[in-house]
Each structure stands twice: as C-alpha cells, then as structure tokens.
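Consider the single chain below, provided in structure tokens and representing the form predicted alone.
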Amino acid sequence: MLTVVKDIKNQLKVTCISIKYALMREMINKASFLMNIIFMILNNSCFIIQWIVIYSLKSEIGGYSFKQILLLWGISASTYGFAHFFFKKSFSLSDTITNGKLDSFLVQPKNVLISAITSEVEVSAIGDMIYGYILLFLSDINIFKFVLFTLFTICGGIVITDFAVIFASLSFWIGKSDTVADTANDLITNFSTYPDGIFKGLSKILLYTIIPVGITTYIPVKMLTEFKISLTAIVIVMSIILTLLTFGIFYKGLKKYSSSNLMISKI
C-alpha cells in the first residue's frame, strides 16, 4: 500500500513538473501569453450576449433562469479550460498514436498516457477557466458554491479528457481516427452550452450516458442551485470509473502500437 501511494505521489510530482515546463515555454513571449488569455475571455463574453437578449424576452428557457444559464456557461467554460490546459495533448492524441510519436514517452520511467497528454498546455484555456469563475461570481456566489464549482470543474475536466482519450485510442485498432475523436469532443462542447430542458427523449438519454454532458455540466448546475450529496457523489464516482476505463482502453490499445522510430526528446 505504501509503495502504491509513493508511486502515485511521484507520478503527480513528475506531472506537475511537466506542466510547469510546458507553461514556461509558452510564457517566453509574455505579450502573446497575456493576449491569448484576454481575447479568450472576450470571445466567450460575446456568446453570453445572445442569452441576455433572449432572457429580455423570456424569463425561463428549458427550465433554466438567467442565473442558471450563467452557471451553465461558467461550468462549461471552466471544465473545457481545465481539460485543455492541463491535458491539451489528449485532444490530438489520435495523431500522436497514428504517426508513431509515442516513442519518446515509452522510454521514460513514468506513466505513458499521463506523460503524453500533459506534455503541452493550451494558454487560451486559462482564459476559459477565468471566464468560468467570472460567471460564477455574477450568478450569486458563496464559499460553499466556490468549492463545489472547483470540484465540478476538476471532475468535469477529467471526464472530458477521458472522453477524448477513449476516442483517440481507437487509432490503435482502426488507424487514423482523429475525425471521429474531434467530432466526439465537439459534441460535448456544443451540447454543454444549452439547457438540458430543451432536449427530449433519446437525445436527452444520450446526453446523460454516451455523451457525458450530464456529468460534466447539467448535474453540476443543478447541484450549484440545489445541493444534493447523492448527485455530487455520482459525479465523483463516475469520474473515477471513467478514468479507470480510459486507462484500461489506452493500455490495451498500446499493445498494438507501431513505432515510427521517431525519437523526440521531452523534458
């Protein structure tokens, strides 16, 4: 047990160092770094204007008040930002697998999957996370909601990453699957910005099962307005289960990996 804990601690330390150096590379040009963040916040702000116009005509849409829409967009932006900042390479993992670029990660004495997906960061994703918290403040915040929002951001970001890795891992079996993976990732992003009340029947069932928007966005919004420990526990447990499944699928596929003999050094 102590060995397992030590291994996990060491892996977390290595992961933090990897993210740190990836961030330092991006901060070489500080002006570009800051502009990427600022313009992402401004870009996201443009989308909320349409909801301001809509709610000036109606008081409720799909069972959501305007404050709930702010929470919906806030949690959607922050989970997206968390996943794309800390695990950017998971969204281009299919290309890494298909073109045999996992070689440099295989020879390192650390977890292959974690090393691969944390090797780069997306600077603009910091703007997404900041924007998410701005909307949280605008929607009526307290300490409990802040902690809960952060918890859901982490869990949702992990689920989005898991979803991306699972579809990218198809490349081990069917070759180039980046189009499938990109489409799957876009589905989560697109559906997560609309109230679940506007979806009916099969489409709503899919959003709570095959497309995990219910776990990443809809349940968290409900918990931020009316807390229930049981639903919060479901989000946490499902995040853990999906992560274990993701590792299982990736490493099963890794046995079929074909090297390109392309070695690229990684810090």
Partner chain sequence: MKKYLYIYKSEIMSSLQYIFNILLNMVGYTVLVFIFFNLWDYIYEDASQLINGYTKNQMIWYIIVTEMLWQASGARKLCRKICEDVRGGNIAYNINKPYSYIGYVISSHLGEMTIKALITIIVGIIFGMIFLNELPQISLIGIIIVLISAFLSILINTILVTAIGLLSFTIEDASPIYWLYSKVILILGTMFPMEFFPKIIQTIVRFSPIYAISYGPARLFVNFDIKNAVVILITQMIYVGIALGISNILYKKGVKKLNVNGG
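Numbering follows the first chain given and starts at 1. Since this is a predicted model, take the numbers as computed values, not measurements.
There is another form of the same protein, the form predicted in complex with its partner chain; it is not shown, and what comes next is about it.
Contact check for residue 237: every heavy atom lies farther than 4.5 Å from its partner chain in the predicted complex. With a 4.5 Å cutoff on heavy atoms, residue 194 counts as touching its partner chain in the predicted complex. For the chain shown alone, residue 242 is not a contact residue for its partner chain in the predicted complex, no non-hydrogen atom being within 4.5 angstroms. By the criterion of a heavy atom within 4.5 Å, residue 226 is excluded from the residues contacting its partner chain in the predicted complex. Looking at 157 to 165, 181 to 189, 132 to 140, 92 to 100, the stretch with residues near its partner chain in the predicted complex, meaning non-hydrogen atoms within 4.5 angstroms, turns out to be 181 to 189. The listed set 27, 233, 49, 205 contains one residue whose heavy atoms approach its partner chain in the predicted complex to within 4.5 Å, identified as 49.
If you take 111 to 129 and check each residue for a heavy atom within 4.5 Å of its partner chain in the predicted complex, you get just 124.
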